[in-house]
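The chain that follows stands alone, in the form predicted alone, written as structure tokens.
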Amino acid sequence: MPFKLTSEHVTLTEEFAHRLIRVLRMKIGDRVILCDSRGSEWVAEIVGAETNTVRLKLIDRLFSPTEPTVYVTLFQGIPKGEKMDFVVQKATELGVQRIVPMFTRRTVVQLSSDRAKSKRERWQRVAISATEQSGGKIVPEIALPLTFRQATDEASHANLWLLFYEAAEKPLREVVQSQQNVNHVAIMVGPEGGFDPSEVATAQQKGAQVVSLGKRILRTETASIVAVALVLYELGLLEL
């Protein structure tokens, strides 16, 4: 859940309160497990419930997070329809810590500022649900959509930046295995139609390693999940 478990009492409002009281039919005295965005996990007891508000007391800590050995960010060209929901859900299940939707030259979806915020809130809810269902410890942060230039500026801070491009010649394994002391990986996948060649050139100039997923042309939502899974596997981080 997107809150920090740093005090003895926690107050849940809106959708979380509704879910506990109206959907799960929980009442005062019932216990639940709370997990925050950093991975802290506690047993908590419901001590108060009003309209759209539930108050809980933290009882026992179950899990205290440690810093991940490698921080993984997925930069995803925004696809059409509900495909982004799928990408967020599956990337969360695999253990990505941050997901950044981005607008590229070939992105068809157009979002106003208000619509972008609404979408981001929806995708964050998808990530929360996927974390709960998969038994994950950390809810990934879903960023507000960025332009491709903004995304490349952020990705350039990673010490391994992989841009997946259908015309690339470098195999993923060769690039990943040549790296040492990797602690932050940026994985970048385009929308339907992939990246424009000018975008690939820009990313390369900023430090991206342009790699291939093989000869098959994959749908963007498939490419993202395959890319994340393969990178995590090559780094020895895939936890299934």
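All values derive from a computational prediction rather than experimental measurement. From 1 onward, residues are counted along the sequence shown.
Keep in mind that the form predicted together with a small molecule is not shown, yet the notes after this line are about it.
By the criterion of a heavy atom within 4.5 Å, residue 23 is excluded from the residues contacting the small molecule in the model of the complex.
Interface residue remark: residue 218 is counted as part of the site for the small molecule in the model of the complex, having a heavy atom within 4.5 Å. Heavy atoms of residue 106 reach within 4.5 Å of the small molecule in the model of the complex, making it an interface residue. The small molecule is not drawn, but in the model of the complex it has a heavy atom within 4.5 Å of residue 189. Checking 86-94, 109-117, 124-132, 161-169 against the small molecule in the model of the complex, the stretch whose residues place heavy atoms within 4.5 Å of it is 161-169. The listed set 202, 52, 212, 179 contains one residue whose heavy atoms approach the small molecule in the model of the complex to within 4.5 Å, identified as 212.
Taking 17, 232, 10, 223 one by one, only a single residue has any non-hydrogen atom within 4.5 Å of the small molecule in the model of the complex, and it is 223.
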